[in-house]
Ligand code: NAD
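The form predicted on its own is given below as one chain in C-alpha cells.
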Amino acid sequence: MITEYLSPPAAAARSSGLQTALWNVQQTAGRLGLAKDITRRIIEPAEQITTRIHPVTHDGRMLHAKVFLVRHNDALGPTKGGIRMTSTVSLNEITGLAMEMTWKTSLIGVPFGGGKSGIRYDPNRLKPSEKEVLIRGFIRGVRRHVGPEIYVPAPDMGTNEQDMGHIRDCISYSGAVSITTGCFVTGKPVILGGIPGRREATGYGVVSTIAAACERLDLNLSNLRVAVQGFGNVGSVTASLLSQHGATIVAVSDISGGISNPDGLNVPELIEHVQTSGNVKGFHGGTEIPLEEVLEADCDVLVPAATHSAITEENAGRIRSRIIAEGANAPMTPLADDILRQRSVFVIPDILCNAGGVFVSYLEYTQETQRDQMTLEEVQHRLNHRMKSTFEMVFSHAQKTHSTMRQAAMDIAVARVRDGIIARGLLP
C-alpha cells in the first residue's frame, strides 16, 4: 500500500519525489481537517500497473523494458500525465508524479485527474527506428489502460511529440480508422491533431507566473537576474522567453555542468550551441562552473527545471535568489522548503508554476474532441490568462490564511479533489 511510504519530515526531507509528495498532502490534510478515511482515499492511487514488454527491432534484436502506469485519482476526470523514459524510472517515481498531477490538474482547473507512466530504458541507446518500436510496444502493452476517459498520456522526460505521433498511429491502426474517436494522447505533432505551442507551454507558464509574482512583489521583470538549473525543454524555453522580456540570464546548467556570465548569457547562441553539441559544456559565451553552483548563483530568480530534490536542507541556506519558480516537479525537499520559508524566499510551487503544459494539453484534448483548430495566439492568450488568474487565486489565499504559496496551492487543489469525491458519492 502507498501508506508504506509515509515517513516523518526528517526522512522525507532527504527522500524521493514520492515521499515529498506524500509529506505535502499529509500536511494539507491536517490543515483542512480531513477525515482519516477521506485522506487515505485521496492519498492512495486508484491503480498501479507494472508490466514488461519485449518488442523486436527491424534487425531482429529484442528490447526488454519494464513499464509502469499509475492512475492516481480520477474524481475530477480522466487521468492525465506524461510518459517518462529513463534507465532508472521506478514505480515509486511514477506514483509520486501521478500524485503531483492530481493536484496540478485540480489547481489549474481542468477536468482531469492525475496519472503518469514510465518506460525503464535509456532513450540515448536507441536509434530513432528502435525507439519507435519500443514506443509502439509500450502502447500495445498498456492499451487497455489508455483512453479519452481513462488515461491520456503525453510527452515527458525521454519522450517527445514524434513518439506521441507513433502512439496515435498505433491506436488508430489497431482500430482500423484514420482518426481516433476522441483524444487518446496529447503533445502530438500539429499535423496529426496536435496544438500550436504545446512544446513551449510549460516554459511559457513558468514565465507567466514569474511575471505575476513581479507585479505582486513590485519588481521589474526586465531588471531581473535569473539562473536556470536544467536546460532541457522547460529550462531553455523559460530562459529564452525571460531574456526576450529583458531579464539577464546569469547562469544555466544541464547534466554536463554549468555555465555562467554575470553580464548575461546570449541565450539564442547558447540554445544553438546545445542543439549542435548536445549540452551546455564548451559554450564560449560564459565561464564553466560546477552544475550545483547554478543553484547558488547571485540572482533574483532561480528556476529549478531539472530533477526532483535538487534543493535540500544542505544547500537551501546558500541560495541567494529572492524568488524560486519551480519548473521541475518536486525540486525541493520539505526541510529545504521550511528553511527557505524562514528566509522569506518567495516560492512559486510546482503544481502552479509548471502547470502550463497540462493546461495546453487540455486545450489539445478539447480541440481534438470537437474536431476544432486553435491558433497559436488563441492558445497563448488562454494559457497566460489561466496561469495569471490561478496565481492570483493562490496568492490571495496565501495572504488571507497567512500561509506559503505552496500551502495555499495545495489547500485549494486537495479541497477540490475532496469535494469531487464527496459529490460523486462514497458508494461504488
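Note that this is a predicted model, so its numbers are computed, not measured. We number the residues from 1 along the sequence you see.
Although it is not shown, the form predicted together with the named molecule is what the next lines describe.
Undergrad: Tell me, out of G286, G158, G165, P196, which residue has a non-hydrogen atom within 4.5 angstroms of the named molecule in the predicted complex.
TA: Comparing distances to the named molecule in the predicted complex, the residue within 4.5 Å is G158.
Undergrad: May I ask you to choose, among R84, R71, H273, R225, the residue with a heavy atom within 4.5 Å of the named molecule in the predicted complex?
TA: Spelling it out, the residue with a heavy atom inside the cut-off is R84.
Undergrad: Tell me, yes or no, whether E296 is in contact with the named molecule in the predicted complex, where a contact means a heavy atom of each within 4.5 Å.
TA: No, no contact at 4.5 Å.
Undergrad: Taking the named molecule as it sits in the predicted complex, is V190 in contact with it (heavy atom to heavy atom, 4.5 Å or less)?
TA: The answer is no: V190 has no heavy atom within 4.5 Å of the named molecule.
Undergrad: Taking 4.5 angstroms as the cut-off for heavy atoms, does N354 touch the named molecule in the predicted complex?
TA: Yes, N354 lies within 4.5 Å of the named molecule in the predicted complex.
Undergrad: Even though the named molecule is not shown here, does V234 get within 4.5 Å of it in the predicted complex, heavy atoms only?
TA: Result yes; V234 sits at the interface with the named molecule in the predicted complex.
Undergrad: Could you tell me which stretch in 176 to 184, 225 to 233, 240 to 248, 134 to 142 has residues with non-hydrogen atoms within 4.5 Å of the named molecule in the predicted complex?
TA: Of the options, only 225 to 233 has residues within 4.5 Å of the partner.
Undergrad: Going by heavy atoms, what in 327 to 341 lies within 4.5 angstroms of the named molecule in the predicted complex?
TA: G327, A328, N329 sit within 4.5 Å of the partner.
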